[in-house]
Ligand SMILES: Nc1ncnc2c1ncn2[C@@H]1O[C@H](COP(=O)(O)OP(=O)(O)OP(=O)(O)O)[C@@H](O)[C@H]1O
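Single chain ahead, written as structure tokens, the form predicted on its own.
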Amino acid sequence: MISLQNISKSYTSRGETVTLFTDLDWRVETGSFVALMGASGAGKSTLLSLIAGILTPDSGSISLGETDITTLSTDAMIAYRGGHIAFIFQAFELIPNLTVTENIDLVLDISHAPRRYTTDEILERVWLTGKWRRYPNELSGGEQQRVAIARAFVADVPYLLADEPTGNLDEGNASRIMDLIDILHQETGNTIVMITHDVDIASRADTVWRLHNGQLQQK
């Protein structure tokens, strides 16, 4: 379970304080798949970064399972993140001079997280069998995002945070990417929080939440 309690977060822009959240509470049940929507600037990416322990709240607590991540030191948070949280980004974030296999395995090398699938198994699941030696520039946009999905699911970690995972894809590829995420979610039981601006993509999640005026409302 992901639990946010009394979260407040502000930032300074051009000398002025901008408040994103005040006393925000949110619970995401273990194994659920939730979509997070909201206007540009509402704080969606900030909220995801707070859950990931990349940012810290001004006040309040964030727990992932039994761990209150707001009490961890920087080094402890980095270690915890590597062993518990996977990411999918809009811009794929593949390393251009590494092959498909090397991009996938690098996550395990860095995080030391346990492996859930062999490389061959995860490539088969994302429909990239036979392309393990390809480099990112030899793949289409949809294929690159499938590598990013393989990288996110290959490690046996309980949480997956996805920031606009279909934002750079056409409608057909976006639908196929969501098919993959659905299949792998059913297999793994990961708890998934996904930011999206697309209503159709959001509808693939178990529940949809909208961030508005610093508060979350279930749609």
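As the structure is a prediction and not an experimental result, all values here were calculated from the model. Throughout, rigid core stands for the largest set of C-alpha atoms superposing within 1.5 Å between the two forms. For every residue, the number given is its place in the sequence shown, counted from 1.
Below, we turn to the form predicted in complex with the named molecule, even though it does not appear here.
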I'd like to know whether residue 183 contacts the named molecule in the model of the complex, with contact meaning heavy atoms within 4.5 angstroms. no
If you check in the model of the complex, is residue 189 within 4.5 Å of the named molecule, heavy atoms only? no
Heavy atom of residue 24 within 4.5 Å of the named molecule in the model of the complex: no
Test of understanding: in the model of the complex, would residue 61 fall inside 4.5 Å of the named molecule by heavy atoms? no
Contact at 103, 137 and 141 by the named molecule in the model of the complex, all three, heavy atom at most 4.5 Å: no
With the named molecule left out here, work out from 24-32, 37-45, 154-162, 62-70 which stretch has heavy atoms within 4.5 Å of it in the model of the complex. 37-45
Looking at the named molecule in the model of the complex, which residues in 77-113 have at least one heavy atom within 4.5 Å of it? 90
Verify the C-alpha shift of residue 89 between the shown form and the other one: is it 2 Å or more after superposing the core? yes
